[in-house]
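Single chain ahead, by itself, as structure tokens, in the form predicted on its own.
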């Protein structure tokens, strides 16, 4: 049998159920370790992860969507790969999405979206989020149970981002179906869906029409703001750029929030006394969610490629080498967190966790995700007196069966059947 460190993180389903054991095995090799048989460095250290995420000069994010194991579309040449990367950017999976962009292109694209997540806009959107969560939770409690992921988490997160953008109500159910039918980001079995159009491609056809319409018929919504926006230098983006931004925002915005809700619910039920404590004092919800993000964030890893030779934590990283930043491992680094594998409510400096990344590429929608999760749990506590796993679906405590999506990027449950006791 292969040792854990010799297994292939990108294809081995045995790592999927519990990636943390694998990360800890690699950590024993040091905070930065070159994966056997691959030109990839795995970063498990917290300080070293910060170092990579902050360095946008030597590192490119172009491999962020496809992952570091994907084949390079060119043979690296020279001591600065920036020209080659830009020449072949569209050959990288998702190379034109916001998270994969570099330098001025990334700065310009992010500037277009930054106005969408200002506190005033999120505050205004809370009315919609609160009403939506109230209806979904109230109905689930009345039925005595719910499948959390498909009946609450995904619909709630999808409808919230759809409402924020201004996606017509008639198209929202269709988009949920399109997203549900597609593979997860970083799918271990992506080849099984090779002939099927990617959800982003399907939605792009709709967003082209939305944006063209908003240019001609402005409305009071985010799509109109995007359609009429300018870059900081006064130039205007073309429709293709706006389509990429809006479809990525829609797809990524609903997925990570839905996963956070499922991961948080597991801790709520499994940590002794936690549910009673949070019900007695809902003001602790923020601290609860931050500790969940640290221990079980929706994103396990992100990746970079060294476009110039550099060093990280004293380790030389040659030009053209790919680096996988294991966010989930960094968030459990014992050099940074005391008793890192334990759930500790009100852990000191907990907001410094890397669940949403850090630096120029920190998740732009993180304030929205935090607000969404908080509101769902507030409504859960308002309408129910107790929540638990459905034993018929998942078994009994100590022998639970919970399945995670087969992805090397995303950490999220496929299903979670709950029983709900009314207040």
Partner chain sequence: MPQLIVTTAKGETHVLEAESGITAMMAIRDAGLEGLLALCGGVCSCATCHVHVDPASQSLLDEMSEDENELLDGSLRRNEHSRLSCQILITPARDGLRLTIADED
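Residue numbers count along the first chain shown, from 1. Just so it is clear, the model here is predicted, and its values are computed rather than measured.
Beyond the structure shown, there is the form predicted together with the partner chain, which is absent from this document and is the topic of what follows.
Residue 119 is the only one of 273, 119, 341, 318 with a heavy atom lying within 4.5 Å of the partner chain in the predicted complex. This chain is displayed alone, yet in the predicted complex one of 69, 26, 364, 387 has a heavy atom within 4.5 Å of the partner chain; that residue is 364.
Stretch-level contact analysis of 347 to 355, 207 to 215, 264 to 272, 70 to 78 against the partner chain in the predicted complex, using heavy atoms and a 4.5 Å limit, identifies 347 to 355. Contact annotation: residue 143 falls outside 4.5 Å of the partner chain in the predicted complex, judged by heavy atom distances.
Although the partner is absent here, residue 393 sits far enough away that none of its heavy atoms falls within 4.5 Å of the partner chain in the predicted complex. At the 4.5 Å threshold, heavy atoms of residue 335 stay clear of the partner chain in the predicted complex, well away from it.
In the predicted complex, residue 110 approaches the partner chain with a heavy atom inside 4.5 Å.
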